[in-house]
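Single chain ahead, written as structure tokens, the form predicted on its own.
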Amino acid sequence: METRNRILSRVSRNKPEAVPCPAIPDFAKQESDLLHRFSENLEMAGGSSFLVDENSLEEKINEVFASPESALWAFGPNDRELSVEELQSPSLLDGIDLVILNGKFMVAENGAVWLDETVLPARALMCLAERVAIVVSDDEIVADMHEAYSKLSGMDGGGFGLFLSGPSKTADIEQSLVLGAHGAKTLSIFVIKTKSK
């Protein structure tokens, strides 16, 4: 104990002078086509995106996911096969083929979408579903992670949240890429066109 205190005392006496944290520069970018950049980066991460009208969303989802064995809509009409309100335990998600969620906003620089507890009622959804689809409005997009974290500082997300970009993948065994090792095999983003555009 005496040695420990002696060491700590010496460290304390030899600490450098405290200096203020550097100012964070303004990383604002002037990009005109964030959505195009988002789509490119999402594709590089293994995902896909579709620009659709709100009225044709369901039709497009049915086109992309022909006859899912079981689907869980976390939003939308109440006459779906399953609803999150019925979800009492993650074990009920066994065998879920497709989950469709609302995203909060997109990040162009990495093709990520922010999800929090207000749109993700069970964290296990992301790991147990075979395919994940996220619906987000085209005006909910930021250029980079600097803007993303700035946006998050003003949001109430319920405590838990994540950025999701592309499907689950790993290549740690013989550098052989495996999709869906720890989560969904596919990630599709359905971007809703706003009326102003």
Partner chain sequence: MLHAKNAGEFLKNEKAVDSHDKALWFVRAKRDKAVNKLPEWESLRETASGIKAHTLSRLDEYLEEFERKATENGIKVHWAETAEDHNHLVRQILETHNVRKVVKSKSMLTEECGLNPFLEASGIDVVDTDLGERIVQLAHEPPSHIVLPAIHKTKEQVGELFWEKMGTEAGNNDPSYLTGEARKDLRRKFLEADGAITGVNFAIAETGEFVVCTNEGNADMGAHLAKVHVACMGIEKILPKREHLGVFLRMLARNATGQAVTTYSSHFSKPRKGAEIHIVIVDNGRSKQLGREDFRASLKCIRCGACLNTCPVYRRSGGHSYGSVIPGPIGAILSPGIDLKKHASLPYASTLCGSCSDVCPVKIDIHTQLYKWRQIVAKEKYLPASKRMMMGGMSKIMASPKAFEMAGKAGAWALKVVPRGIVYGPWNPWGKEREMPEVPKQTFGEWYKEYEQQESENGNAK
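Positions refer to the first chain, counted from 1. Since this is a predicted model, take the numbers as computed values, not measurements.
Missing here is the form predicted together with its partner chain; even so, the following discussion is about that form.
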**Item:** Exercise: K60 in contact with its partner chain in the model of the complex, heavy atom 4.5 Å
**Value:** no
**Message:** At 4.5 Å between heavy atoms, is S56 in contact with its partner chain in the model of the complex?
**Reply:** no
**Request:** Could you confirm whether A133 comes within 4.5 Å of its partner chain in the model of the complex, counting heavy atoms only?
**Result:** no
**Asked** Is D33 close enough to touch its partner chain in the model of the complex, meaning at least one heavy atom pair within 4.5 Å?
**Response** no
**Request:** Select from 166-189 the residues with a non-hydrogen atom within 4.5 Å of its partner chain in the model of the complex and write them out in sequence order.
**Result:** G166, P167, S168, K169, T170, D172, I173, E174, Q175, S176, V178, G180, A181, H182, G183, A184, K185
